[in-house]
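As structure tokens, one chain now follows by itself in the form predicted alone.
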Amino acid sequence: MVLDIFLGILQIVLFPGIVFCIGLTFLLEWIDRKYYADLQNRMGPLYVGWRGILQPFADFIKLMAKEDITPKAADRKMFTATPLFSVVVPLLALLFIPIANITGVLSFQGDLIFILFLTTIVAILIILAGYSSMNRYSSIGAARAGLQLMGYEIPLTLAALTPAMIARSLTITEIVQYQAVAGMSILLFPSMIAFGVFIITLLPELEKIPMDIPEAETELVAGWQTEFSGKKYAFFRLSNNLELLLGAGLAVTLFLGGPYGIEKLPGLTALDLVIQGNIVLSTVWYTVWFLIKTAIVVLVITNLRALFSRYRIDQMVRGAWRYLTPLMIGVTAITMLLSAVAPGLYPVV
């Protein structure tokens, strides 16, 4: 009993929990910045570590060492609390993502709904952070964040629920296990449409170009982040990286088979048996495949950042309500209909 508790704590704190996820966020930020720079014919991170791989970590340490200023008119308690909670909430959600195993560190029935709830909490924290600053630019940025939330939340949720309906489960572990038997959800119609919508709606969730409207530097200085500095700004930067890992990891889990690799392909049964029979090998195997798939999703997001310029807030909300939401309602209806009338298409496993 004591050993199980100790191992559980190690999983939460070290691997594949808090420390591993934070380290992985710095790696994904480096991949994002390096590839984004390459698309724009720039160098990107270069000097700190091999090809600048340690630059994101160095930036975090530098921000932690800078002066931390709280405006006199700000709501001091909320102004201080929102950066802390913005890190804790995505870290909690990441504990449910299967990284080194087919199940996350934490798991319970219906945990997919809980993760989607936590992603909404992160957006609400951004709104509270902007309003607590008592700054005009920050208030406008917070209002834009709220409008974005009203636009992308419904199609994002419906897109995430599409593979859940195919697997007939709202539990992440069961969705991953279903894909191990029936194949990756992205290969099943109309789940590939849901994957595209999921990636598009991740952009406003992560406030990435072209959906970085709440912090548009050309209009609002830094939007809702204008008054944050030092440790608080470092926490928000870390939170954004954690959200990137969470969003990409959720896409991998729901649509790309989670941590499963090529061992589930026909003819590789012997390899699958060897991996399942060795806990160390399976941990390394699943982690490597999760990292590869997550990096691919991050590169897709980076491509979208480089291809498009920033939308106006009315364009973003109009597009979400006029196109994405009806599209996902139709996809959801088709998925439910196919599950009922063509059970062979989505077999029960």
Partner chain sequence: MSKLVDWARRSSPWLLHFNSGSCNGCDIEILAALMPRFDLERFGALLKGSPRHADVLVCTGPVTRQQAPRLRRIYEQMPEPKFVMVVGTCGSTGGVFRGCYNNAEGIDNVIPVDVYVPGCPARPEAIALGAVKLLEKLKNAQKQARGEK
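Positions refer to the first chain, counted from 1. Computed from a predicted model, the values in this text were never measured in an experiment.
Although not depicted, the form predicted in complex with the partner chain is the subject of the following passage.
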Check all three, 149, 291 and 299, heavy atom within 4.5 Å of the partner chain in the model of the complex: no
I need to confirm a contact call. Of 304, 313, 295, 48, which residue comes within 4.5 Å of the partner chain in the model of the complex, counting heavy atoms only? 48
I need to confirm a contact call. Of 261, 71, 210, 196, which residue comes within 4.5 Å of the partner chain in the model of the complex, counting heavy atoms only? 71
Answer with yes or no whether residue 57 is in contact with the partner chain in the model of the complex, where contact means some heavy atom within 4.5 Å. yes
Does any part of residue 27 reach within 4.5 Å of the partner chain in the model of the complex? Heavy atoms only, please. no
Taking the partner chain as it sits in the model of the complex, is residue 178 near enough to touch it, meaning that at least one heavy atom pair lies within 4.5 angstroms? no
Please run the contact check for residue 134 against the partner chain in the model of the complex: heavy atoms, 4.5 angstroms, yes or no? no
Quick one: find which of 163-171, 200-208, 229-237, 114-122 has residues within 4.5 Å of the partner chain in the model of the complex by heavy atom distance. 229-237
Only counting heavy atoms and a 4.5 Å limit, does any residue of 57-77 reach the partner chain in the model of the complex, and if so which ones? 57, 58, 59, 61, 62, 63, 65, 66, 67, 69, 71
